[in-house]
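Listed next as structure tokens is one chain, alone, in the form predicted alone.
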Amino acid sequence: MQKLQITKLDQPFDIVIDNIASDKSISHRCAMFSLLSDKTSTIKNYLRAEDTLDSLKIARKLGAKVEDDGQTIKITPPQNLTEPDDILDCGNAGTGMRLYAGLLAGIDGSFILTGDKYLRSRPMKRVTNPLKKIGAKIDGREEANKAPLHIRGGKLKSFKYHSPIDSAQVKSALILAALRANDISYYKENLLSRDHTERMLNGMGANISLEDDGWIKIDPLTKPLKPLDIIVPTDPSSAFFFAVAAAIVPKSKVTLKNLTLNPTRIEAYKILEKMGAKITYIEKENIYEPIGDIIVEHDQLNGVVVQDNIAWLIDELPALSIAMSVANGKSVVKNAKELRVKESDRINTVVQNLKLCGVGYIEYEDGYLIEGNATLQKATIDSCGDHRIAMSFAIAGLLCGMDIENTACIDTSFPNFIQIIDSLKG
């Protein structure tokens, strides 16, 4: 167990932050998608955190040659992916486990995916059930709902699957499986989730298209994809903690550099802007992803109802709850039941910890109401091993001080988070 003590910030800040962690979602995908080529992929600014390094280790165990000089990672895939002689450890990453399950389902061999105690408790049927229906052989605890998962990969059938869950992880797993299927496949979700997988794979030469009726059409691969040549942008989800910090600390301003401005990734900034924060977006380039800077300035925040595009901001809702707590008026989050099955039950974890800080709330099955107008109080917070809970309440601590327990999870996803917190204090 580690404990983090945050002291109250006694002055505003105006800072440019250019050392925020690289995008975790894109980094995971770089490690995996490079295996679909027959040439060396070149990746700069790869996130060197435990989760994403675990995805690299798995690529190695599958036969890839991985070279890392500290600046650039080069991944040379094997001629054929090889059955490993050991288990494949995904650490704490649901992205790693679910996407690798889809990728390996169509590869001949026996593969065991596992992770830490938190990942082993997370639901996997959302991925394993549709994979099994198209021919994948997957075993695991609770009928392949809990890891470790044993995948015996092989030939897959094409499919037409309307997912009951709007999830980029589920969608990506099925797309990766579809690339190995025997014919064209179709995937649909009620709300388009984050689309890094489609963008990146199409950039590598895959044929994935969004039809007018909402179905995603996936052509199976007929040849290896082109290698990646990519600079991983800054993670807007990680940067969002400091966007909230600027929004809630009077007279403060932050410039966040080199973020992906993908519309499916900056919805939380749009909500913060709707609440009253001053936000400016500056696009600089658009190759694999639109990339640029975001400037956030403090202003009076007001309550908001968040019920649309939930899949686009599911990871940022804990941090948004801090902004909601100090905003004028009530805020409501709806249609967010997916929060219950993240690294912790984030609905319950958020509201119980807000209660300790003196914030009024009502908990719903699919979200919560936050009373607002709160003067946050210092408290001892249990993150429950959830990095986004730990970091959200660290930001709250800038207003009142905070003691946070179980913070080893921060190193897993955002190794220099505390360093940046300290920089806000000059």
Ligand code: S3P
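Note that residue numbering begins at 1 and tracks the sequence as displayed. These numbers come from a predicted model, not from an experiment.
This next part talks about the form predicted together with shikimate-3-phosphate, which is not shown.
For the candidate set 349, 185, 260, 95, a heavy atom within 4.5 Å of shikimate-3-phosphate in the predicted complex is found for exactly one residue, namely 95. Of the listed positions (277, 138, 73, 168), a single one reaches within 4.5 angstroms of shikimate-3-phosphate by any non-hydrogen atom in the predicted complex, namely 168.
The partner is not drawn, yet in the predicted complex one stretch among 25-33, 53-61, 373-381, 360-368 has residues with heavy atoms inside 4.5 Å of shikimate-3-phosphate: 25-33.
Under a 4.5 angstroms non-hydrogen atom cutoff, shikimate-3-phosphate in the predicted complex lacks residue 180 among its neighbouring residues. Contact between residue 289 and shikimate-3-phosphate in the predicted complex is not found at the 4.5 Å heavy atom cutoff. A residue is said to contact a partner when one of its heavy atoms sits within 4.5 Å of a partner heavy atom; residue 267 fails this definition for shikimate-3-phosphate in the predicted complex, lying far away. For residue 342, a non-hydrogen atom is located within 4.5 Å of shikimate-3-phosphate in the predicted complex, even though that partner is not displayed. Contacts to shikimate-3-phosphate in the predicted complex (heavy atom within 4.5 Å) from stretch 171-206: 194 only.
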